[in-house]
Ligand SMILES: NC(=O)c1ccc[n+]([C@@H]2O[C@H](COP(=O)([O-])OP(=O)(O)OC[C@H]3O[C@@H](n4cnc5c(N)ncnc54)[C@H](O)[C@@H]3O)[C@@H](O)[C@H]2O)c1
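A lone chain, given as structure tokens: the form predicted on its own.
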Amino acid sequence: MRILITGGAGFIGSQLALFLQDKNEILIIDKMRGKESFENGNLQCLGHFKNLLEFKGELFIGDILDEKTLRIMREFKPEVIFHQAAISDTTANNQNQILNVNLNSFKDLIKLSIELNAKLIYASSASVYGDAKSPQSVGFGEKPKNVYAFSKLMMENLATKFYDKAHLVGLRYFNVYGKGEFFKGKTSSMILQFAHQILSAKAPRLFEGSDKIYRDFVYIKDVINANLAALNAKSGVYNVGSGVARTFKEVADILQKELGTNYSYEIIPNPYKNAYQYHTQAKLEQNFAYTPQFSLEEGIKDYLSEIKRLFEEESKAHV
């Protein structure tokens, strides 16, 4: 197939590209990281060349809001579009910028998918649920607590208007972790952050009440399988999680066991407590052919060699 991946130098996009490249023709569109930061100090663009060292397809550096980038995508004539590009920082608060990038560009991609009769699989987020009761289910109690989550909900709403014209599938990712996330920096998973704290011989730093803060952690290999399942799914929105909620303290405990340490924990205030989700758990839909294969313990065990490699080769020299 001819596959277009927006945000393909980022976390999930790069792993999709590497997984699919042997049997498909792939074009990656990514703005790539520069020096521009949000008001919170985090980088605006997270695409990194090191995520693509093994990529053999075509890479075009461009902004998905630009006409030239749209022309390049149209000329490629993809059969499938995996749309991963977005401002994904949940602590960024420039509403104009986030909605412009995430929502306005999405309508152009929908139009392109209709024009080319291409399947469009796009990244949504479990953040749309806000404080909805667990397990969270699509269509029940969504109440975004930040502008990023709101942008994703608006993308989903927009897509519903075109279900009769195109194959449009939104995937609500829960807490994704695994290979490819390192260059997200401060927004990488707590699994990676805790592990590197431990490898640095430091006590893992937990927010107050972390034994009561639950997340549905989903491994990157399961996320790739969910994207593949979306190719044959009915147009709609589906959860992508493990279906199990685990605490941040459990994450740190598992990592300490795997790494052979027994540090006491450093407890710190939660600076995001007013905009924080305290319990996420995906209800997995029976009408979506996706079954997670990795428990948290299994995912961490599978990820551990990459975590150690990153610590030795990248963390001290990270730019």
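None of these values were measured; they are calculated from a predicted model. Residues carry their position along the shown sequence, with the first being 1.
Keep in mind that the form predicted in complex with the ligand is not shown, yet the notes after this line are about it.
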- Query: Would residue 307 sit within 4.5 Å of the ligand in the predicted complex, counting heavy atoms only?
  - Reply: no
- Message: Is residue 12 part of the interface with the ligand in the predicted complex - any heavy atom within 4.5 Å?
- Response: yes
- Item | the ligand contact in the predicted complex: residue 251, any heavy atom under 4.5 Å | no
- Is the gap between residue 62 and the ligand in the predicted complex 4.5 Å or less for some heavy atom pair? yes
- Message: Please identify, from 283-291, 62-70, 265-273, 252-260, the stretch that has a heavy atom within 4.5 Å of the ligand in the predicted complex.
- Response: 62-70
- Message: To verify the annotation, which of these, 106, 219, 173, 194, has a non-hydrogen atom within 4.5 Å of the ligand in the predicted complex?
- Response: 173
- Identify which of 125, 136, 242, 113 has a heavy atom within 4.5 Å of the ligand in the predicted complex; exactly one of them does. 125
- Can you tell me which residues in 129-160 come within 4.5 angstroms of the ligand in the predicted complex, by heavy atoms? 148, 152
